[in-house]
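This document starts with one chain, in the form predicted alone, laid out as structure tokens.
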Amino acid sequence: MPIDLSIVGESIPVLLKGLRITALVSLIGIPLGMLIGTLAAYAAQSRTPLRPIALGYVELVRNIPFLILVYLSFFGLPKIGVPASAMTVAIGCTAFYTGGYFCEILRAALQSVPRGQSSAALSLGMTYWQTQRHIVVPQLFGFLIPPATSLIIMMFKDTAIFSVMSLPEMTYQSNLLTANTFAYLEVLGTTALIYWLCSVLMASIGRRLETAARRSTHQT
């Protein structure tokens, strides 16, 4: 049976409408998760009571499937008196999950910077945060960007899970289209192509940022 290109053409505007929701969740949830992960990474490296909390948070993210986290949030929060829309749950779960993985990415990047440099800076009278700002952080990006780019792409694709909450993102829209047309190959193939193109674009940006970061490190 030949591919019906007319269905492909009709499905693209609907899928792009869903892509706007997918992008909105990603643009809010992923940066928020990176902020949470940054705080967790520094807490995990500290000698404060926050260290076991940060490490426990990472283990929680590692060991609970994303879909289960979404179900627990969507159905569990109202049970304890916390009303939450599908969009709120989507952004919150994206941030929570991104933060756990970004914490470990940042911790690995921090450990890639030779400790002798930090020790030398501290011995010269710089404070801890001055050392981080002027010595450690400028060297992080070359180590940080490749795995962070992979994480961003992974979390962008995982927004498809939010279709189970009837959030009208791209996968949900594709489910509606296939239910109406039964054109699974045309609709799902187009959906996959859009996800792939977005992922390729993000990977390309990540490579450019990595190249720029490494050039900057070598120049300094």
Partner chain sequence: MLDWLNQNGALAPFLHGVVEGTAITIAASVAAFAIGIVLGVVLLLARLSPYSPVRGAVMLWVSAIRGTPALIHMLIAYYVVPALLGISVSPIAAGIGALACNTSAYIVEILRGALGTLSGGQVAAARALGMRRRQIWRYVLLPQVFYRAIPPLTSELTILLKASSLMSIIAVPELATVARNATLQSDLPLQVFTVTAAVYFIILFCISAVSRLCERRVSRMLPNAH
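This one's a predicted model, so the numbers in the text were calculated from it and none came from an experiment. Residue numbers count along the first chain shown, from 1.
The same protein has a further form, the form predicted in complex with the partner chain, not shown here; the description that follows concerns it.
In the predicted bound form, Phe96 stays away from the partner chain, with no heavy atom inside 4.5 Å. Heavy atoms of Trp129 never reach within 4.5 Å of the partner chain in the predicted bound form, leaving it off the interface. Residue contact with the partner chain in the predicted bound form: Ser163 places a heavy atom within 4.5 Å of it. Though the partner is left out of this view, Met87 does not reach within 4.5 Å of the partner chain in the predicted bound form, counting heavy atoms only.
Interface residue among Ile28, Leu176, Leu39, Leu67 relative to the partner chain in the predicted bound form, by the heavy atom within 4.5 Å criterion: Leu67. Note that among 72-80, 105-113, 88-96, 139-147, the stretch whose heavy atoms approach the partner chain to within 4.5 Å in the predicted bound form is 72-80. Taking the partner chain as positioned in the predicted bound form, the residues of 157-196 that bring a heavy atom within 4.5 Å of it are, in sequence order, Lys157, Ala160, Ile161, Ser163, Val164, Thr171, Asn175, Tyr184, Leu185, Leu188, Thr191, Ala192, Tyr195, Trp196.
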